[in-house]
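Quick heads-up: it's one chain on its own, the form predicted alone, in structure tokens.
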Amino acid sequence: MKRLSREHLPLARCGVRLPPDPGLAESLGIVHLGIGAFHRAHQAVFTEDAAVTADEPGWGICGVTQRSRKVVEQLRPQDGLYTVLERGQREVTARVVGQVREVLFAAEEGERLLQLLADPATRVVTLTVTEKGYRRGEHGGLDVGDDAIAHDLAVPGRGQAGSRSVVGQLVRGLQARRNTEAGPVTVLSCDNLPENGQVVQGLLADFCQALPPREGEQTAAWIAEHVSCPSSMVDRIVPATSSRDRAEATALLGVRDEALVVAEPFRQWVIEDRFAAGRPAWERAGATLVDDVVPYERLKLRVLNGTHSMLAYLGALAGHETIAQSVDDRDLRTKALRLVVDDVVPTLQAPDGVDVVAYAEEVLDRFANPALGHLTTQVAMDGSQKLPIRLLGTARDRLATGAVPESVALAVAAWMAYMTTGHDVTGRPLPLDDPLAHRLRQTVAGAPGDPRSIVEALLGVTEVFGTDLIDHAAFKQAITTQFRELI
């Protein structure tokens, strides 16, 4: 069967939504770092819809993959085209997206990346590199001891290609932009980090501070004057693509798509409207432009992401393969809703007009969509990076008022049990895919085998829990009680 491409696009069958006139996306205006499935199902779709609705060319996307050539091998032979298969509970639809016009592998095409970051036509740089891609240290700043960061700092001169870290790529690209007088640019994080714009701005400053003094000062001053880093909140469930998805997409399309992504129909994007050099008319595609993203961001991180992680660990331990199965487990759904009602609601100042409990019920209904097949083990990945953002902020806010966050304690205990047991109730292995996996295993192995000692040892992992939570006796006891019941 022929493969999806511009040449074979006419073969797509009736009922499949095709991309607009390629002229709308022909000129690049956005460089995206971290072109995984989520970006292709979310920001790229918003950008294409905005270009069509506003009839505004010039916002084509160059996607940059950080880890391997896989995405390049998927997209480049297809002229950047790919399908988004939307799985609702009752209907499946397909659209072909054409907004991605170029794809790079940063490790092999650093010169081209540097050229694009220094190009005046590039006015927005977006990021979806996951929490661990920012290479933050224990206290949230840049980890200058990280191997990739240390390599990027050691590269002599300005505007050098070959940076291994996202922050290094950004700073070297901004140096090249300064040298060529290419003008201002916006760096927009779309990752699940609280106040992600401020995080990015701080990491850029940290990198500059670690450079030789004169170089660092000049670069930092230029960034402060010419670069804006707004915050944003993104929401769409994008599970891993399965062989079943590929077969169904082929039947719908009539051509083979190696870059297929799957998503739920729902999508949301809230963006701080603070851009240095213009932006697509994303509001014309349904995005919400606001002065302050924080209320939306905190609502989503603590309700949606917090319950997502809780359901992943509890569900995986109970033998559920998907999040939908976890939500269908009445006991687990009740526990997820209790997390929101008992612990999250007292810590939130919700956006105007938002009922937090109703929002949580809607989130759980979305999770319950069996057509998505979102794996519990996929959501369970990178727990050491996710827990501080999704759950521990809620815990600290509750503890500050004198309350013991029992539901957060259950979610933390579930993470600990998932990691330490290594299997579910049926004996099925549970993978530990985490950047701190070795450290966590060593911590557990070095502790006496009783639940209290294991909990105490893990709470001492400061990269996850900081230095404060281990001192809260009631919270520690609540985690220990739940952990004992789960293992």
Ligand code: CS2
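None of these values were measured; they are calculated from a predicted model. We number the residues from 1 along the sequence you see.
Although it is not shown, the form predicted in complex with D-mannonic acid (CS2) is what the next lines describe.
J.: Does any part of D235 reach within 4.5 Å of D-mannonic acid (CS2) in the predicted complex? Heavy atoms only, please.
T.: D235: yes, in contact with D-mannonic acid (CS2) in the predicted complex.
J.: Taking heavy atoms only, is L391 within 4.5 angstroms of D-mannonic acid (CS2) in the predicted complex?
T.: No.
J.: Quick one: is K300 in contact with D-mannonic acid (CS2) in the predicted complex, heavy atoms, 4.5 Å cut-off?
T.: Yes.
J.: Examine H308 and determine whether its closest non-hydrogen atom to D-mannonic acid (CS2) in the predicted complex is within 4.5 angstroms.
T.: Close contact exists here: in the predicted complex, H308 approaches D-mannonic acid (CS2) to within 4.5 Å, heavy atoms only.
J.: Just one of 376-384, 86-94, 203-211, 328-336 has heavy atoms within 4.5 Å of D-mannonic acid (CS2) in the predicted complex; which?
T.: Answer to the contact question: 376-384.
J.: Going by heavy atom distances of 4.5 angstroms or less, which of N369, T347, N192, T186 would be at the interface with D-mannonic acid (CS2) in the predicted complex?
T.: Checked against the cut-off, the match is N192.
J.: Quick one: from L113, L304, L260, L75, grab the residue that has a heavy atom within 4.5 Å of D-mannonic acid (CS2) in the predicted complex.
T.: Contact check passes for L304.
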